[in-house]
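Presented as structure tokens, the chain that follows is alone, the form predicted alone.
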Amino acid sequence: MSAGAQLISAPDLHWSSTWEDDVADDEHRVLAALFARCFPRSRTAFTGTRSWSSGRPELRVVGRLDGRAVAHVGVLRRFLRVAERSASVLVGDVGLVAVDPDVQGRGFGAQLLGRTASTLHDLELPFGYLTCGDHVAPFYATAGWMRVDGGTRMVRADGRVQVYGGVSMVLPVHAPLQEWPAGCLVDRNGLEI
């Protein structure tokens, strides 16, 4: 948003939560089209019913405006391995965070992050976890997400293992941030959402 732009107040979206096994092909098509608009430079071709990037989420939260899907987040419960501590941490791994470019700047992103926090709370998870680019980390920080050090090791879509070079963030939900293993490399042991 430019320095002179103002946030336009908008009504709440109509929200739904759907388990991945219950997402119909028609909905996958709608979401694939949304992601194609939101992530035009993605290596993933969001076409047809392909509405996921690398790994598929377990649960999807979708916001609709006048019946049209304009906001989305995917959540996958998983244990992240923290090698330095020989421990695992249960998280809601968050991905495919998207707001249609046609409606950005109207507060829907803030609503989406609020719904994300509520979903993680309802799933009784200690933390939310996500990786993102440095340019969007401030957006997540406005909703209470905290940048953590240590990096994230994960499987890329092509099957190779990498340490992600971007930002890793945690949202304390049912556990305080002090319980997060700070400064440690986190191993996702799987694909990002």
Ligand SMILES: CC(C)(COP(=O)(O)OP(=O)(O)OC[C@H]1O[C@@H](n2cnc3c(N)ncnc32)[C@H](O)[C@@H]1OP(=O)(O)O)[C@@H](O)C(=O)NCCC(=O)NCCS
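Small disclaimer: the values here were computed from a predicted structure and weren't measured. Residues carry their position along the shown sequence, with the first being 1.
Although not depicted, the form predicted together with the named molecule is the subject of the following passage.
Site annotation in the predicted bound form: the residue of Gly48, Gly165, Gly159, Pro138 reaching within 4.5 Å of the named molecule with a heavy atom is Pro138. The partner is absent here, but in the predicted bound form a heavy atom of Val99, alone among Val99, Ala117, Leu76, Leu80, sits within 4.5 Å of the named molecule. Across the options 148-156, 52-60, 34-42, 121-129, residues that bring heavy atoms within 4.5 Å of the named molecule in the predicted bound form belong to 34-42. In the predicted bound form, Gln104 approaches the named molecule with a heavy atom inside 4.5 Å.
None of the heavy atoms of Leu90 is located within 4.5 Å of the named molecule in the predicted bound form.
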